[in-house]
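Encoded as structure tokens, the following chain is the form predicted on its own, with no partner shown.
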Amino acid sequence: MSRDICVCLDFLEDHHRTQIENTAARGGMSVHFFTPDQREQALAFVPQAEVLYSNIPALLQAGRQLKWYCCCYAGVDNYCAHPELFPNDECVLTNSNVYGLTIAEHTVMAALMLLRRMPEYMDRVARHEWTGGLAIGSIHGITAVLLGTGQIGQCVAERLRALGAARIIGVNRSGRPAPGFDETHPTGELDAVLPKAELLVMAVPGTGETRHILSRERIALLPERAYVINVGRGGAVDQQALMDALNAGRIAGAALDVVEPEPLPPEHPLWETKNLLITPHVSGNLTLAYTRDRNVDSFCEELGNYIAGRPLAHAVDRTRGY
């Protein structure tokens, strides 16, 4: 009986396919490639597959014999919130923790734009006004608080350190130390940490625990010079409270790569909020060649674990959401 792997992705190049095939062959497994344009063919094939590497929930839902679903995205909260997507309750879910570099670069870009007052200068340019004089800030010497100290948070911390951040404080669920941070605190101590934040970077998964973790009350704890950057999940921020704080000048600025809802409707007041940068959920975009290569590398590393009967390194606890 053949052991089949179904791969349905739109970013693979020939060398990626060869890499996956060579890894699978070492375990006597066969790989069948589809693109999202071949969705119907993939749906017809996946019921016999043992492994699925994709990002299409409908394929997972059709995988009656699946033992392992590797999602090519980092965020898998939708799968955790909908157990009915898994016809086989024993199917292991893994995510792809390979987005640290690209999201960290996006975060640094947004931080520099905010610190150097680009939203305000862009408004002036749109009005064809040639006026300067705005006082700017710098990452050099700043105190940064990172809510989330996983792979993404660690990559952000590394780059902020290289640009001269004076103090990098991590906040995670347990308070466990993480590489690149001067200190780490559990989320229970978040209220005590926020008044220190000149830059708050949020990179947390979407779970019940993180819903509106940056609440109106916690936004009020931030100093007026603080900037907020969210590259995790839109639901982690009380958006109305953030808009109110920005429009009142209560905090200095914010950048949101994730919002609620997505896509953001044209009439939504976020578009008109002062000192706010909005990007359409692109910080971890798979158009970067490095990220694509690392995505396939990660799958092949996990496939090697799967073939050898070792635990999967990026297995998700679906009850916790990450």
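This is a predicted model, so every value here is computed, not measured. All residue numbers are counted from 1 along the displayed sequence.
Unshown form predicted together with a further copy of the same chain; subsequent notes refer to it.
Only one of 268-276, 46-54, 66-74, 30-38 lies within 4.5 Å of a further copy of the same chain in the model of the complex by heavy atoms, and it is 268-276. Only one of A178, C91, I139, A241 comes within 4.5 Å of a further copy of the same chain in the model of the complex through a heavy atom, and that residue is I139. A residue is said to contact a partner when one of its heavy atoms sits within 4.5 Å of a partner heavy atom; R159 meets this definition for a further copy of the same chain in the model of the complex. Residue contact with a further copy of the same chain in the model of the complex: V193 places no heavy atom within 4.5 Å of it.
When contacts are judged by a 4.5 Å heavy atom cut-off, L134 counts as touching a further copy of the same chain in the model of the complex. With a 4.5 Å cutoff on heavy atoms, Y79 does not count as touching a further copy of the same chain in the model of the complex; it lies far away. For the three residues E13, I307 and R310, a heavy atom within 4.5 Å of a further copy of the same chain turns up in the model of the complex in no case. Although a further copy of the same chain is not shown here, in the model of the complex the stretch 258-284 places heavy atoms of V259, E262, P263, L264, P266, W271, E272, L277, I278, T279, P280, H281, V282, S283 within 4.5 Å of it, in sequence order.
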